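Before any questions on how it binds or moves, here is one chain, the form predicted alone, in structure tokens.
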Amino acid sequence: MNKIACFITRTNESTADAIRRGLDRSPLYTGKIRGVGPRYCPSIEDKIHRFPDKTSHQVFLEPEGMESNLIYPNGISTSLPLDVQEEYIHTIPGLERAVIVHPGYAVEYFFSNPQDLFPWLETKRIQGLFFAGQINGTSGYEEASAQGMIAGINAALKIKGEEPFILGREEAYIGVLIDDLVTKGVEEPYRLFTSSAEHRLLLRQDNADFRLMEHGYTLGLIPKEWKEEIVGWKRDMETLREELRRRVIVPKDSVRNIMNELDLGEISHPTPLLHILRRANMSARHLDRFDMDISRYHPRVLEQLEIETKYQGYIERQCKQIEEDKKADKRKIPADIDYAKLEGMRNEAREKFNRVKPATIGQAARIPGIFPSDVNVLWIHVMKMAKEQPAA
């Protein structure tokens, strides 16, 4: 694969002085632009203004392409006038003779309140209208493309008269992203981080296909052979797991020599190989040292079994919590519920429920500012409505 080098330079005090002199001409500082910008992509004038004690800021010099002589200076986005941009760009080492081809400019985004969306990204106000991307208050290409995929899937399902597709928070980061948007809303451009997911130990890059391939196949997005390959890997994992559970090693000299060589510590009694795999320095590729034939297993099978074995306790704890959360997310809230008539609930909770219109008890519980007592009142009322509903 052809590669092209990127470079790093830094601003300095001369850069900062030029920017400070032009701040009174920046739309961000004169009030022409009032919107809140992305927290994690501030302009260079914002950096200079907010961090006056910092003497320099990093700038990534990124080539625009293999056949282009244009360089994108990542880290100095700006809304300053062109003459100020030309002044400060020439103070940066390596850019003294740079020519600005496309000046920096500011963009003010408008967005629709994502709390006006159902969890499948259809608007609550206009049936059949789906929103995805920055219009929902997000920032970042990954967030936009993830929403676009879910909105597209659900638009197609809507046309076919089928139930909407919703990814849970425990299934994928896309589920976390959309649930955060439609439940909590946004006060600034939203970015998705691993810390946003309470079940992030399960939402790993290495197991994405294991988690989501079945969904992809059901929706017609994944070929049958891909899905069957994953099914085969899962089956092989269980076969190997059971084999390691049954295979027991005993503390004899030949075993001790292998344990010492691999720095696996000691064993004082017969121990299943599955327990040995949990040890820090033990790898699935070392199983052949204990007369295990691992050549018949795909590398992905060995990788997944090793990860799941080493983190078994933590994974089981998260799975238990997920099962508890699912109970609340399975209890749907009728769309025609009248929150104003719910007795025993705080007015603030009524207002928030009425604004968000949560689809499930679980979503209702995740709305900021909602107390467990509010959820209990809602749960009781939903159960009462279900009992009063005439049998089909």
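These numbers come from a predicted model, not from an experiment. Residue numbers run from 1 along the displayed sequence.
The discussion below concerns the form predicted in complex with a small molecule, not included here.
Of the heavy atoms in Glu142, some are within 4.5 Å of the small molecule in the predicted bound form. Within this chain, Val107 lines the site of the small molecule in the predicted bound form, having a heavy atom no more than 4.5 Å away. Proximity of Thr309 to the small molecule in the predicted bound form: non-hydrogen atoms within 4.5 Å are absent; the residue sits far from the partner.
The closest heavy atom approach of Arg191 to the small molecule in the predicted bound form falls within 4.5 Å. Listed stretches are 94-102, 310-318, 134-142, 239-247; the contact stretch with the small molecule in the predicted bound form is 134-142, by a heavy atom cutoff of 4.5 Å.
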